[in-house]
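Just the one chain here, laid out as structure tokens, in the form predicted alone.
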């Protein structure tokens, strides 16, 4: 970029807007920066688009987004997953408007061009109207590169990008731990709700590994809990940490005892799950399975942030979609056990509703905080967002060579902004 003045700061490169311990407020409110992010970040890295259970069988689909680009995630009759731009190759009309479902063909409602679920152009009405040499094989839906890791489906415009597993790197360990919430049955999505807030996408990106706000913003949630559960959610007092996992990914461990759900299965079942344990036992589940299911229902003790757009957050997926410089869409995806007991999945939904549901204690409070950050960012010139909080992590908890801080540290935010800086300055 040419030398320019942004909010009073003279910059010659986007990298000038991110320092080791702070980021410039223009990152939240400059429309030119937002447009560049869509190109330099969301078109040049792996972006989460769906969970495998969203397209469970042949000819199933789900509509999604890669940055500001609408896409369709499909599974063809051979079981292969595709991610296709949701745009007819004729006159650009979208070919699918449903959120998810089953279809063997997508038909453009404007002129009737039809496409197979793998994107191939199947039929063009009144094809004789085209000159000789028109070949349907030349006009498939545009297909993105797709890879999957442990049920998480990612897509990218960049065909020569590193393999997904390499991009995820150290985050793979935490994905594997998160997926133990299937309790041996596997994980599936149970439903979702979407909402928008008037703020920049990076405000939410920061939030996922921000424990510092939890006892302040979520005091009403904590007040709604019984004493035993409130102690579990004393996130600043249990020896947790935040760890930089590379490539902008990070993990915030709030409840160290709930990192690996296969551990401590002999521990007493919490009182809040006593009725569920009794119901599972009455259904014929053995004691070991009851304990594994109950432990899975409660979720993990960590939030995993995967740059740039998805979090595996304790017991659900949180997906962000940048809409504009000052508007972001959030999707909260409830997850449960694929083929697991109805009682267990019912209990997970009730817990999801309590905190992350549209009328829950967590979502409205978080959203107000994000909105107020965007509003406050309009005040002042050449001011910076501080990302400098954090003392050392407890000894021996983080992987050797990883940057880590205590659970209230802003390590995860620094990790994300360093990846932002790397991609925006490339």
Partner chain sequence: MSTDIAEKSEVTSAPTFEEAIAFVWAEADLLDRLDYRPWLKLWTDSGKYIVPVERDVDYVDALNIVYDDQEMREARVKRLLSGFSMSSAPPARTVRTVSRFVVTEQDERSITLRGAQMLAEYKYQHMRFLPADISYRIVRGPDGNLLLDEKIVTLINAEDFQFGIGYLL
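Residue numbers count along the first chain shown, from 1. None of the values given here were measured: they were computed from a predicted structure.
Below, we turn to the form predicted together with its partner chain, even though it does not appear here.
With a 4.5 Å cutoff on heavy atoms, residue 368 counts as touching its partner chain in the predicted complex. Taking non-hydrogen atoms only, residue 161 never approaches its partner chain to within 4.5 angstroms in the predicted complex. Taking the partner from the other structure, its partner chain in the predicted complex has no heavy atom within 4.5 Å of any heavy atom of residue 259. Heavy atoms of residue 379 never reach within 4.5 Å of its partner chain in the predicted complex, leaving it off the interface.
Only one of the listed residues (90, 98, 194, 102) places a non-hydrogen atom within 4.5 angstroms of its partner chain in the predicted complex, and that residue is 194. This chain appears without its partner; in the predicted complex, the one residue of 124, 349, 146, 170 with a heavy atom within 4.5 Å of its partner chain is 349. The stretch in contact with its partner chain in the predicted complex, judged by heavy atoms within 4.5 Å, is 354-362, chosen from 27-35, 354-362, 40-48, 55-63.
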